[in-house]
Ligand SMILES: NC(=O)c1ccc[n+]([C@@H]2O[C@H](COP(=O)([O-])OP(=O)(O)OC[C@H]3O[C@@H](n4cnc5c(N)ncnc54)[C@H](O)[C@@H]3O)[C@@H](O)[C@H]2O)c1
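Next up is one chain by itself, shown in structure tokens, the form predicted on its own.
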């Protein structure tokens, strides 16, 4: 393909080198003529392994050149990939001036250009940027319609500095969002030879994936550092701890516990997080990440409570009381706390949980539930239908398979607050809402 790459910084230069090596005709575009001059001399504007040699070879073959003329680059390309910078503003927001300026220039050239061109944003932008800035700017400047007269897409990059060329050819995943089938096809063609899972998503999902990735990477670094800090303070090798930790790819380094849903509970996680918090304080250590876990968990319970209160319905049915389906463990179940709060607000509650049999509760589990919900016997019912009949609002509190049928059985006046995403295909509407979707 004939490809224009706008922005010859780190991502743009690497993309230009790799795409030209793949046989595409690439025009690199940047307002900084020192960068374009370097490219045209066969040199890289960034320091990155193998990029210098790749650019030199591509320029000598005539598959890569650079210019400061945005509009000329659009005239000569069918695919425009925007890699301009999105630096932080003083308040932490993104400065999107470069993105807007490039889109204005591209749009003005599209006004005069015949034929179809796809404009792909690869710059890291917050969710909503394509719909609220990129597409309106392109349409206003061009007088044309996105998805009809020209294509728009989002194609986030997952390149690490110092290993960027390897990452380009060995991506962990490929994520694309496109306004139309033709644009989607062009992006799929660019990635056809890569052995990586391909996800086609909405603009906002694709935009958010990049932030989820980078925030997770930052979180991992901070977590490892805080575990290391505690370990060192008590004369333990933190590296040895985390080496063993990382060997667990079933629970630790995996998708487990990473699905949006309700707060955690049970007899282990809250107790052990509090104990580590205490240990850190006793050692006079600053552990802001670990110390924030319990407050974060509480805020999620607060969020669920507010969602229920906003519906202004006195009769509430609760499906699932234990902290996890398939267990009768009620210790520190966030659902117990939620029910306790609702009772305090004067709600009439009915609860069904097939695994919770009050006559069989023993020990700490029994003591916990009767301490926090002394009137629980009056709240529990034996049949799920009793909850469905009673509740103007139905709260799904754990992932018992039986609860998935409830969403389709309610009358028009009933509402569901799903805290666990019991039904993956359920869409938020007037009668159904999830806490994180």
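Residue numbers count along the first chain shown, from 1. Keep in mind that what you see is a predicted model, and the values were worked out from it rather than measured.
FYI, the form predicted in complex with this ligand isn't displayed, but the following is about it.
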- Select, from the options 195-203, 325-333, 120-128, 224-232, the stretch whose residues sit within 4.5 angstroms of this ligand in the predicted complex by heavy atom distance. 120-128
- Examine residue 169 and determine whether its closest non-hydrogen atom to this ligand in the predicted complex is within 4.5 angstroms. no
- Proximity of residue 350 to this ligand in the predicted complex, heavy atoms at 4.5 Å: no
- Message: Using a 4.5 angstroms cut-off on non-hydrogen atoms, would residue 400 count as touching this ligand in the predicted complex?
- Response: no
- Closest heavy atom of residue 101 to this ligand in the predicted complex, within 4.5 Å or not? yes
- Item | Contact residue in the predicted complex, from 263, 177, 80, 83 (heavy atom within 4.5 Å of this ligand) | 83
- Item | Sole residue of 310, 243, 161, 237 within 4.5 Å of this ligand in the predicted complex, by heavy atom | 161
- Query: Across 17-52, which residues bring a heavy atom to within 4.5 Å of this ligand in the predicted complex?
  - Reply: 29, 30, 31, 32, 35
